[in-house]
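Below, in structure tokens: the form predicted alone, a single chain.
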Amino acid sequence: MSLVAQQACQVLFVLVASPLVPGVIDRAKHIVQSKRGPSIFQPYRDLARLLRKGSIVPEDSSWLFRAAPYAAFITPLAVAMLIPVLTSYPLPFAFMGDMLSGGFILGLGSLLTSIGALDSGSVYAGMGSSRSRVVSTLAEPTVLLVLFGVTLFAHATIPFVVNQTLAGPTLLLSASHWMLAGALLMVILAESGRIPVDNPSSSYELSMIEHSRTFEYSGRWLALLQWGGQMRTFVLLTILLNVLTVPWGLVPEGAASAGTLILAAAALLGKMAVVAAAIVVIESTVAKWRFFRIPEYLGVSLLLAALGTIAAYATGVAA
């Protein structure tokens, strides 16, 4: 199989599999709460239903309102070409950007979504947009510190180089390594609108953050925004799993075939199922925090990343 075909398979896998993760989380949460709940394939049905509908455009909105859904949809797919989703070796576009540029690309999609929400003129969309920007601003120091700590370990920021370095037994069992991974997981929960920062199942306008940004969208554009958000979470979890923590199950160089790619996809979904179970436990045992307490939560993530970096120096792991 050619490298271009493998790249296409990797992007297609992110596109198709991303709605499955929130479906599994929602289904598991309802089971924990002794409810029947929706099918794990309900996100696919929701997207199909929205894609068949037309979109309503606010009267005073500009082209920014129309462009935001496409930006939110495309940016996760661009990052998927830079990270090890299915293969342990770099594909044709892997060296077009490192982990920092991948963060910038995802941040661009989120920024344009916030601008589109503001452009709609809706009070609730503007409120959610401003709150989302506050959360992202507070999360950025943690992301930069995690990136700095990873660079100390791997002496590189290319994901395909980082995951091969961190897979060694010395770094894999290092406490500083797992502190950085824990800090990144806390940021992912915040950036993807999960508890304790945001409640994805909330329908109260004054408490929503992520969903209020899409308040004025409908039809196909709302489908693109929801699908883009699901892919964004999928890509962030892939970075956490296949780059920073357990980079196993990827297709080794020279062994690419339809069968090995399917096995790599199954391995990634299995690892994501473990993270999904952890998210279910968190969301079933912790209440959503008030907005003014979010700095405390992200402050803990920053402290954890700082301790991981300091521990790397103290133990000589980063040497």
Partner chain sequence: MTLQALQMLEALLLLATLRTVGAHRLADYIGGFILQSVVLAALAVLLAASSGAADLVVVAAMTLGAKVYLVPRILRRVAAELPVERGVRSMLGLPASILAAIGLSVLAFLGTSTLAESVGAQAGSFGVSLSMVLIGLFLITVRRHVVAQLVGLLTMENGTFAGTLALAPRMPWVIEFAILLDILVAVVVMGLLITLIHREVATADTAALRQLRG
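Because the structure is a prediction, the values reported are computed rather than measured. Numbering follows the first chain given and starts at 1.
What comes next is about the form predicted in complex with its partner chain, which is not displayed.
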**Fill in**
Within 4.5 Å of its partner chain in the predicted bound form by heavy atoms, the stretch out of 100-108, 186-194, 218-226, 167-175 is 167-175
**its partner chain in the predicted bound form: contacted by all of M179, I310 and A314, heavy atom 4.5 Å** = yes
**Request:** Could you check which residue among K35, R293, R45, K53 gets a heavy atom within 4.5 Å of its partner chain in the predicted bound form?
**Result:** R293
**Message:** Would you classify V16 as touching its partner chain in the predicted bound form, given a 4.5 Å non-hydrogen atom cut-off?
**Reply:** no
**Message:** Against its partner chain in the predicted bound form, would V24 count as a contact residue? Criterion: heavy atoms within 4.5 Å.
**Reply:** no
**Message:** Is it the case that C9, even though its partner is missing from this view, gets within 4.5 Å of its partner chain in the predicted bound form, heavy atoms only?
**Reply:** no
**Asked** Going by a heavy atom distance of 4.5 Å, is A306 a contact of its partner chain in the predicted bound form?
**Response** yes
**Prompt:** Listed by sequence position, which residues of 191-219 have a non-hydrogen atom within 4.5 angstroms of its partner chain in the predicted bound form?
**Reply:** none
